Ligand code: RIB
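Take a look at this one chain, the form predicted on its own, written out in structure tokens.
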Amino acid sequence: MKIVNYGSINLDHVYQVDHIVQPGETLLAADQNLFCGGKGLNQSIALAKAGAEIFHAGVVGEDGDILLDALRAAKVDITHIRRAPGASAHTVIQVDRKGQNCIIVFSGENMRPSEADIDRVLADFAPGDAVLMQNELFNTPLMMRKAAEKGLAIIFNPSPVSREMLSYPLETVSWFLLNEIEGEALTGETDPGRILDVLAKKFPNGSVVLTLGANGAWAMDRGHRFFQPAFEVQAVDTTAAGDTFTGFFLAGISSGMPIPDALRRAAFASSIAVSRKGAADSIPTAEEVSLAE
């Protein structure tokens, strides 16, 4: 199965701070770094490092060579990435002394994939393949509809959450990959069990992975539920934790791995990622995960 990731590609400006800045507060940063990132890029690199056949579809600007080089180095197919005039999308990320983060994403008008872009991408994929999406790119609901019409499995990570997201054709989704905040946005519930209950009722044909940070993760598929505790580590930077989990979980199930095994491997890979600085740079390889397990 081929996986195409219709995803964001950003330059991440990461600031180390004592605490996440409060309204009206001015704060001095202890350090600043520039990394390749975007949920899309991070998830594609995680999938590639986990051993999946992954194609990335998106847009970069004139300053995007560093982003394309990072994807190539991870063995992600970049055939479907278009170069646009102007600057690439970017983020501003604060990381506090406990490793927690907050993120602002700016896509820019020139980072918007068009319907023609979507049609060109889908022309190279067929039933039995899958498309992975986050909620950072323009025309996400159109990609959902067109991919569903073509018979592709749709995997949706509803991040960042938005009001518009509730009007997307979510009934077409095969797998929802979300955290507690995103789960609450889709269901109005905060309890993990209730989030799963409501999702099962609203989307009976969809499977779910619900990540809970240090409290582990749940998967729900065809009426069966599986729980995976988190591995205890000293967190340095949680920026790519969810994206690492997503990539390793999807690589596992796409290769036929049982869901409990895919959950455990994804949780272990994520525990390695949070012990390192950066986003894409923190994602381990399949070999590193195997050696450390």
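All values reported here derive from a predicted model rather than from experimental measurement. Just count from 1 along the sequence shown to find any residue number.
Same protein, other form: the form predicted together with the named molecule, not shown, and the subject of what follows.
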| property | result |
| --- | --- |
| Exercise: I93 in contact with the named molecule in the predicted complex, heavy atom 4.5 Å | yes |
| Any non-hydrogen atom of T239 within 4.5 angstroms of the named molecule in the predicted complex | yes |
| The named molecule contact in the predicted complex: S44, any heavy atom under 4.5 Å | no |
| In the predicted complex, G38 touching the named molecule (heavy atom, 4.5 Å) | yes |
| Contact stretch among 5-13, 21-29, 265-273, 281-289 - heavy atom within 4.5 Å of the named molecule in the predicted complex | 5-13 |
| Residue (of A87, V198, L212, I103) lying close to the named molecule in the predicted complex, criterion heavy atoms within 4.5 Å | I103 |
| In the predicted complex: members of 136-168 within 4.5 Å of the named molecule, any heavy atom | E136 |
